[in-house]
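The chain below stands alone, shown as structure tokens; this is the form predicted alone.
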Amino acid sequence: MAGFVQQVVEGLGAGAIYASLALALVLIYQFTGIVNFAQGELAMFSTYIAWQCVAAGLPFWLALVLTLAVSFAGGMLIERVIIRPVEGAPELTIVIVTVGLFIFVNAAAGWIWTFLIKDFPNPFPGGALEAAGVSVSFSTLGVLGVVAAVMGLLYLLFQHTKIGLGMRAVATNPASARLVGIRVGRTLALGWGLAATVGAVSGVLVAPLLFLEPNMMGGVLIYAFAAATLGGFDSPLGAVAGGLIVGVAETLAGAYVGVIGSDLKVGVPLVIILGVLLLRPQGLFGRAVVERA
């Protein structure tokens, strides 16, 4: 039994990382209806900025704050320069734009920092808590705490601030929001900036576990898509719940399903995506869209 609980704990730690990137995906989808295939690469690029700041001698947490600020500004700039010109274009056009952004950011990171693997400092202390034969590392606790803090801050933003209420109005009905005086363009840019900031947190959490290199977020993005699909692309809470479920499912499948093992665990999120799309396309927490004929 202790072994099973240990696997669940490890799955929750991995799932929290997937949840943070899924949360960034959901934020952009909520505001713009766009599935951003470049979200993982934007998180990777932000992580390189944090690494560069630490390498320059800044304390880790100061480097993180600076990175989040740069990520927020970068997300807003991307919305203004790259996304807004294709606003209202066919969905395939927007998909191609985000895939192109994926390729460009990946290549830019490799050009600036090379494709060599780099060590990234772990912000959490080593060691673990042990109880009843179950070990919970301080790193896992730190990751869960950071994701919980991000969710709490987003809740306060959307429920108790004027900016958050305006963002919710734009996400619900941009045309009506514009009629009551909300600057929709600026609000959409804020949404992209916010998503880029949350994605940066995901990258910083992943890098100490996977090492820092331009392709590090490719696999994580697949798990994040599975989490967002499972929880619902219109539900931030669902993204977090979906991430935790995907993380636990992946860990348990790798540990107890012999044919999967550690090599085929990436198949777990793909099965989850397919199953959800077939059985409940809106996800566990999403709202079904009903269109009148």
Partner chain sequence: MSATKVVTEPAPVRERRPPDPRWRWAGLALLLAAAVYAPFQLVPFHVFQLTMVLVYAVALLGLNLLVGHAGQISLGHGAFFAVGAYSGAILLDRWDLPYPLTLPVAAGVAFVLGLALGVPAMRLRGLYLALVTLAIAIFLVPLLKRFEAVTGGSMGLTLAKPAPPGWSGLAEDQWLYFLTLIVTVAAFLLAAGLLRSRVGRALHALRDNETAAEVMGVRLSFYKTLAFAWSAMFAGAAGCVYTWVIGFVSPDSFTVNLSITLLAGLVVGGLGSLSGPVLGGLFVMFVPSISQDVNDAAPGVIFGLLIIVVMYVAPTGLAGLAARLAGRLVKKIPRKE
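Only a predicted model underlies this, so the values are computations on that prediction, with no experimental measurement involved. Residue numbers count along the first chain shown, from 1.
Another form exists, predicted in complex with the partner chain; not displayed. Remarks below refer to it.
- Contact with the partner chain, judged by heavy atoms within 4.5 Å in the model of the complex, is confined among 62-70, 245-253, 229-237, 49-57 to 229-237.
- Each of 35, 100 and 104 places at least one heavy atom within 4.5 Å of the partner chain in the model of the complex.
- For the chain shown alone, residue 83 is a contact residue for the partner chain in the model of the complex, at least one non-hydrogen atom being within 4.5 angstroms.
- In the model of the complex, the partner chain lies farther than 4.5 Å from every heavy atom of residue 208.
- Contact between residue 149 and the partner chain in the model of the complex is not found at the 4.5 Å heavy atom cutoff.
- Residue 119 falls outside the set of residues with a heavy atom inside 4.5 Å of the partner chain in the model of the complex.
- Contact with the partner chain in the model of the complex, defined as a heavy atom within 4.5 Å, holds for exactly one of 92, 175, 129, 153, namely 92.
- Taking 136, 96, 157, 169 one by one, only a single residue has any non-hydrogen atom within 4.5 Å of the partner chain in the model of the complex, and it is 96.
- In the model of the complex, the residues of 104-143 lying within 4.5 Å of the partner chain by at least one heavy atom are, in order, 104, 107, 108, 110, 111, 115.
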